[in-house]
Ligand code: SAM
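What follows is one chain in structure tokens, specifically the form predicted on its own.
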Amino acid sequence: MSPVLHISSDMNRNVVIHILESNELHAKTKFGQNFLCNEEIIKRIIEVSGVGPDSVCLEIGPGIGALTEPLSDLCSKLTAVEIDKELFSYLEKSLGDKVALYLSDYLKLKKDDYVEEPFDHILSNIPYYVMTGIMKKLMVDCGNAERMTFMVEDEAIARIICEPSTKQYGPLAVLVGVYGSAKREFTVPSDCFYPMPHTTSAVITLSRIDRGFEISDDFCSFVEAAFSKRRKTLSNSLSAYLSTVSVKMPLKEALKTIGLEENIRAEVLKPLDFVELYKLLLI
């Protein structure tokens, strides 16, 4: 049984409003900003994340530091990437040298620009409009992380945790399944944020399983191409993509090798089927 963590957090609604007003800050719609303002939710997020004194952590979108402040006191090293220059300036003043801060759109950062040593824990409150891009990049850049903890729109979880042959099953679910196991932890009501969003959020955790395979940009492109024509066969969907790369064997032969029908569609394949197919064709 894991020890109970004593996490200090004073980020309630009144504190958030005071921070914003006294620093002339405001939530920007273009960045999907809603600031977490519930102390118990903050504690629960950090507890399910599994972060401890030896953890090397990365936080995407720290905002005004609701998670950042307690994380910086708990873990060994914390890196945070913030897209908003005004919030970045506030964090620089409030956190000092406790956190390695980067001012950038995370999706535009190159791995070597921010990964000084491997992260073992990732945390992020991800706006829906960049959810897929950020999760994909994290699994490519930080695929050896022990656990990733995300707060996302509750409705979006159906695209992250789903089974083959379902309407929601697609590239993101495949990548998550290759990375490891996913678990929906708990719901976060809209009144836990300021300003209140129009949707309910939820916290999920992804726990890495060592499969001896690293998710790469090329593998992501392969999976995305496989789903490019959902109503067509896998062979049809992949034809254009495979014509641009050097393959080791015909797709028909590769499918037969792993026991799959020639006319199968991408939505039927399990995540590890994509890995085996990719290895046969391209590695």
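Note that the structure is predicted; figures quoted are calculated from it, not measured. The numbering used is simple: start at 1 and walk along the sequence shown.
Note that the form predicted in complex with the named molecule isn't included here; everything after this is about it.
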Using a 4.5 Å heavy atom cut-off, which of 247-255, 219-227, 56-64, 232-240 contacts the named molecule in the model of the complex? 56-64
May I ask whether Gly52, Glu146 and Ala182 all come within 4.5 angstroms of the named molecule in the model of the complex, judged by heavy atoms? no
So the named molecule isn't shown here. In the model of the complex, which residue out of Ser104, Thr199, Thr132, Ser89 has a non-hydrogen atom within 4.5 Å of it? Ser104
Looking at Ala156, Val81, Val176, Leu138 here, can you tell me which has any non-hydrogen atom within 4.5 angstroms of the named molecule in the model of the complex? Val81
Applying a 4.5 Å heavy atom distance criterion, does Pro189 contact the named molecule in the model of the complex? no
Could you tell me if Leu36 has a non-hydrogen atom within 4.5 Å of the named molecule in the model of the complex? yes
With the partner left out of view, is Pro127 within 4.5 angstroms of the named molecule in the model of the complex by any non-hydrogen atom? yes
